[in-house]
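There is one chain below, alone, in C-alpha cells, taken in the form predicted alone.
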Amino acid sequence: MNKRLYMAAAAVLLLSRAGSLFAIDNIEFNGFLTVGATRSDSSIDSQNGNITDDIGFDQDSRVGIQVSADINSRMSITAQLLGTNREDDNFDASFDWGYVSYAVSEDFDVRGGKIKFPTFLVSDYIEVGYAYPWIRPPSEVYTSNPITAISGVDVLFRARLGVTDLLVQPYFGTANDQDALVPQEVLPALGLAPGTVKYENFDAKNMAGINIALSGDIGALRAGYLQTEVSASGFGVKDDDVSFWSVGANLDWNNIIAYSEYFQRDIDGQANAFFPNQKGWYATLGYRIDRFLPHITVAQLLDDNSNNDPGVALEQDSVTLGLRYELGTGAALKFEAQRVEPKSGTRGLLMEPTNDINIYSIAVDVIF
C-alpha cells in the first residue's frame, strides 16, 4: 500500500479533502466513526473504568461530524460535534471544538474560538482513529494532558525551508470547566471508596504556548511548550502554575512507519498533591505489507518528582503488538494486544497495583 499515514492524517485534519457527505452551497459535512471493543485478562480495571475483564465498547467507540464553510475569500468556519461515552454510561453528543479562521495572507492565518489543543503529533485529529496506526494513541503519553481544546486565539505561520515546510503556531486562551480523572490516591480525602471512577472540574487560565513543526515528504518533527494557571475548587487549588513540554517525530519511508514522542509535566503548589509531576515516552515501529501494517509500540510512564513534591506518580511500562488492515478507501480494521506492567509500588494507569495485565482490542475506523 503506497498511501502514507501522515498524508491520511493531513487529509483527515482537512476533512473536506476526504470526501463529503453532502454540500449545501458552500457548507460541507464530513465525518468519522470508530467502533471498538476491549477486554483485559485481569479483574483490575483501567483507571477510567472502561477497560475490564468483560468485553466493553465504551473505551474506543465514537462518532464525529465536522462542518466547514467559507464566509468569504479570506474567512471560513470549522466546527466538530463528537459523540462518545468515555466518562459515563450515556452516549452523548457535544460541541468538541469550532473556530473562525482569517487568512491574512497565503501563509499566515489567525483563528479564534474553541481550538484543538496542539499538544502532541496527532492532537489535532486524535478522535479520528483512521488517521494513525494504533487503536488508541499510547496512553503513557496521551493521557498526561486532560485538556483537548482551548477557548482563545492562535496564529498559523507557514514557510517553505528547502524541501520542508515550517509551521509556527503560538496560542493563548483558557480551558474552563474541564474534567480531570481524580487519582485513586485522593479518593479517601473526598470520602470515596477505592475503585471509584470520579471526575473533577478544573479551570486553566492565562494559557500561553507555542507549537513548532517541520514536515516533509517522509515525515515530521514537532516541539511544543505551554504554561498556565490551574484552579480546582473541589481540591482547594487556586492559580497553581503548570508547565508542559513535548517533542515528537514520525516517519513514513519505503513502507517503514515510525512514531516517537516524549513529554514532561511540572505542577507547583497544592495541585501537585493531586496531579503529580510526570514524564513519559513511546516509540512505534511498523512495516507496511500490501494492505497490512504490523507494528510494535514500547512505552513508559515515569515519576518526575525531583523536589520531593507530595504527588504520587503513576509509573508503568507497556508493549503493544498491533495489526492494521485496510478494508478499502477510508476504512481500516485494527487488532492490538498490549502487556502493561506497573512499576513496583505503583498502580500505573490502573485502579490498583498489580504485577501485569494483558489488554486485547479490536476496532473498525472509517472516515466519510
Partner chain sequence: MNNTFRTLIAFTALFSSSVMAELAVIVDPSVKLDTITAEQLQRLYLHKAERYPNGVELRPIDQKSGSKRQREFADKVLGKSPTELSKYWSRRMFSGKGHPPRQYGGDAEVIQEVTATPGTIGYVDIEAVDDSVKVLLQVP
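Numbering follows the first chain given and starts at 1. Just so it is clear, the structure is predicted and the values come from calculations on it, not from any experiment.
Heads up, the form predicted together with the partner chain isn't pictured, but that's what we're talking about next.
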Decide yes or no: are Phe32, Asp107 and Arg160 jointly within 4.5 Å of the partner chain in the predicted complex, with each residue judged by its heavy atoms? yes
If you check Val237, Ala273, Leu167, Ala258 against the partner chain in the predicted complex, which one has a heavy atom within 4.5 Å? Leu167
The single option of Ser68, Gln47, Ser40, Gln300 touching the partner chain in the predicted complex, heavy atom within 4.5 Å: Ser68
Touches the partner chain in the predicted complex: Ala363 (any heavy atom, 4.5 Å): no
Would Asp266 count as touching the partner chain in the predicted complex under a 4.5 Å heavy atom rule? no
Report whether the minimum heavy atom distance between Ala220 and the partner chain in the predicted complex is within 4.5 Å. no
Is there a heavy atom of Arg111 lying 4.5 Å or less from a heavy atom of the partner chain in the predicted complex? yes
Given that the partner is absent here, state which listed stretch (91-99, 226-234, 143-151, 185-193) has heavy atoms within 4.5 Å of the partner chain in the predicted complex. 91-99
Since the partner is left out here, which residues of 268-290 would have a heavy atom within 4.5 Å of the partner chain in the predicted complex? Arg288
